[in-house]
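Only one chain is given next, in C-alpha cells, and it is the form predicted alone.
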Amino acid sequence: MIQHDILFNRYSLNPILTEKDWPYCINSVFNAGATLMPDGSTLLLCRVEDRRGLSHLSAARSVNGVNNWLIDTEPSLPACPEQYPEEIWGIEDPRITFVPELNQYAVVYTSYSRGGPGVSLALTKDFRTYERFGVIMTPDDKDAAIMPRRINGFWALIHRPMTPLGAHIWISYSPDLRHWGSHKLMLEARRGAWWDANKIGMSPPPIETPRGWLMIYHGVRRTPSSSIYRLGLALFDLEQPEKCLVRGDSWMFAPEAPYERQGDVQDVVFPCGYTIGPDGDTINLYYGAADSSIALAHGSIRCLLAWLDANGHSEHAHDRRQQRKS
C-alpha cells in the first residue's frame, strides 16, 4: 500500500538564495553542490548563470547552513575554455564528495562543450584553489559524482550517459581517477507512463548507510506543455553498487511551491547536494527550484529508508517477473 508521507519539509523562508543575493550581476543561481567544512559551516558551490546564458560555479558559506550567506565576490570556479575547450559554453551542476583517502573534496561537474555536456573533475582542499583533471567522461554525459571510497580497490563514478539504450544511470571504475572503464548499468529509466520513464539521473551523491548506498534520483515526466522533474529513491549494495536492492515505485518529492513551479524552467526540483546533521540522521537537502533559485528542505535518512521499504520493490524480483511475462 502506497503511503503519501511528507519526507522533506521545506524551509519556511525559501528560497534561501536568489540572484538578488549575488555580489555581482547574474541571471540566476541554482543546482548547488553542498558540504560541511571542518569548522562545521556549510559550503554551497552554486551554479550561477550569467546574462549571456553561460554558467560558472560560485561558493556561498553559512555558519548555520540556512542564512547569512557569505558569497565569493567573483566566480570561484569559472569556465576556462582556453585551457579546457570542453568548457566553452560554461560549467554546471557540481556534486561534492569529501574523499578521506585524498583528504580533499572531489568536485564533479558538467562541462558544456560544442559536442554537448560531458563530465569533468576537480580536486580542492579549500574551494579556493583547484586541481583540474578536465573531462573524464565525454559527451553526452552528466549527473555525475565520485563515491567517497574505493570499491574493491577502484574509484567509482556514478553518471548518466545518453546511449542508444536511453538515459539511464551507470557506474564506472578507475584505478587513478583519470582512466575509466568497467562500465555497468546501475538503474534504468522505466517506460510508458511512469513518473521516471525515459529519462532519469542521480541527484546528489549517494548516502552511505549500513543497509546500502541510498540514492536520491530525479525522473523527468514529459507533458504536452513542459517536463516535470520529481525525486525518487533507490538503495544499492555497499560493495557492488551496480546492484540495486530496492527501488521506490512512486516519486517522493515534487514541485509544489510557487518558486518551484515558476521560473526560468517551470516545475523543477533538482538537488545536487546535502549535508547531514550531527545526529547522523537529519539531512539538509539543497535544491535548485525552477532553475532560478536555491531552496532548502529537511528530512531524515531513517524515514527515507522506511519509506523505501513501504513503497519500493526488489529490482531483482521485478526482473524475474518481467522475464516470466516475456
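A quick note: this is a predicted structure, and the numbers were derived from the prediction, not measured. A residue's number is simply how far along the shown sequence it sits, counting from 1.
Below, we turn to the form predicted together with a small molecule, even though it does not appear here.
Undergrad: Can you work out which of L36, L54, A59, V265 has a heavy atom no more than 4.5 Å from the small molecule in the predicted bound form?
TA: When the small molecule is considered in the predicted bound form, the option within 4.5 Å is V265.
Undergrad: Identify, from the list Y229, W213, Y217, F253, the residue with a heavy atom within 4.5 Å of the small molecule in the predicted bound form.
TA: Only one listed residue qualifies here, and that residue is Y229.
Undergrad: Give a yes or no for R247: in the predicted bound form, does one of its heavy atoms lie within 4.5 Å of a heavy atom belonging to the small molecule?
TA: Contact with the small molecule, no.
Undergrad: So in the predicted bound form, does F270 come within 4.5 Å of the small molecule, heavy atom to heavy atom?
TA: Yes, F270 sits close enough to the small molecule in the predicted bound form that at least one of its heavy atoms falls within 4.5 Å.
Undergrad: With the cut-off set at 4.5 Å between non-hydrogen atoms, does D196 touch the small molecule in the predicted bound form?
TA: No, D196 stays farther than 4.5 Å from the small molecule in the predicted bound form.
Undergrad: Is H159 close to the small molecule in the predicted bound form, meaning a heavy atom pair under 4.5 Å apart or at it?
TA: No - in the predicted bound form, heavy atoms of H159 and the small molecule never come within 4.5 Å of each other.
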